[in-house]
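First comes one chain, alone, set out as structure tokens in the form predicted on its own.
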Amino acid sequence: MRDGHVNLLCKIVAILVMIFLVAPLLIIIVVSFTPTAVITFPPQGFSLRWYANIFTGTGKFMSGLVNSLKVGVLATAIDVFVGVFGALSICRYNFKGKNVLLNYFTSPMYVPSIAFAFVLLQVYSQIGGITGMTRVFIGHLIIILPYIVRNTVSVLHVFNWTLEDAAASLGANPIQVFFKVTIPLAKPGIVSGGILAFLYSFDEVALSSLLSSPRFVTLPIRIMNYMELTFDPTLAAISTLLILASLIIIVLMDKFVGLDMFMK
């Protein structure tokens, strides 16, 4: 009976925690369909005007979205290439300074982004002539690399390297071994690291706010600037679309990688 009471208590606590986490998201989704300019719950009707305001309003959210996607996709693609080969060099070979190299790759995780952005801003001001996109891109390129390296290393750490030798003994050349054995087995770490890196880049505010220019502003900065001047259900509509996009990413991740592998 005592175990039964404990299990019941755990279930109740788990349900309460889920309600605490999900309820604000549900309220945001419901509020985004309100017809009034003032956020009220429950809404006094149904309207899609705030979703239309995302595309036609003065907030320039679509240009911010395009800028965020440009930086996020490009930085993630380059860091996947760098991070995978960096993780392979750390896990595949034994050499002096291997731990130092790993700490070097993951060091941006331990530096506050606002401090890192301030240092980059000082460097850019001395160089001069660097566009806003380049400044933000370089910053994101550095701060998201640790997520790819750490996730890939976590998979390669338990990698059976004799599989590469077995493939080579069967006649596969190094390129075939790399693309048909190493990469497929390391795919969970690469994909999960790439997704985390992209999401971190897409959602980054502190670094982007210091390094962006009037001609290049990312979506989080557009949202922050809009909140300073106006607070209407447009922000709830944007949040709803971002929640939907996150759910789509989770479904795709479960289909191509598996959430169990992602959690591991």
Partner chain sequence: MDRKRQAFLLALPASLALLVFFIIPMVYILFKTIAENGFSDFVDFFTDPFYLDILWTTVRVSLISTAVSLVLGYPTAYFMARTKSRMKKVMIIIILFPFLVSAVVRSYGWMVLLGTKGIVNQFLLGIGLISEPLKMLNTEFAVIIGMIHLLIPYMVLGLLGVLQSIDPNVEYAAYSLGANPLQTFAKVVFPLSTPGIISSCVLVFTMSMTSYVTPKLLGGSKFRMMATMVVQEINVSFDWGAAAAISYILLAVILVIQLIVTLSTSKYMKRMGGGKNA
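Superpose the two forms; the largest set of C-alphas matching within 1.5 Å is the rigid core. None of the values given here were measured: they were computed from a predicted structure. Numbering follows the first chain given and starts at 1.
The next section is about a form of this same protein that is not shown, the form predicted together with its partner chain.
Region of this chain that lies against its partner chain in the model of the complex, out of 111 to 119, 69 to 77, 179 to 187, 151 to 159 [heavy atom, 4.5 Å]: Only one stretch qualifies here: 111 to 119.
Partner contact for S212 in the model of the complex: its partner chain, 4.5 angstroms, heavy atom: Residue-level check for S212: no, no contact with its partner chain.
Distance check, P220 to its partner chain in the model of the complex, heavy atom within 4.5 Å: Yes, P220 sits close enough to its partner chain in the model of the complex that at least one of its heavy atoms falls within 4.5 Å.
Interface membership of M227, its partner chain in the model of the complex, 4.5 Å heavy atom rule: M227 belongs to the contact set for its partner chain.
Heavy atom of A172 within 4.5 Å of its partner chain in the model of the complex: A172: no contact with its partner chain in the model of the complex.
Its partner chain: the contacting residue among A167, M133, V191, L88 in the model of the complex [heavy atom, 4.5 Å]: For this set of options, the contacting one is L88.
Residues of 139 to 160 having any heavy atom within 4.5 Å of its partner chain in the model of the complex, listed in sequence order: Heavy-atom contacts to its partner chain in the model of the complex: I142, L145.
Core fit, then A14 C-alpha moves 2 Å or more between this form and the one not shown: After core superposition, the displacement of the A14 C-alpha between this form and the one not shown reaches the 2 Å mark, so yes.
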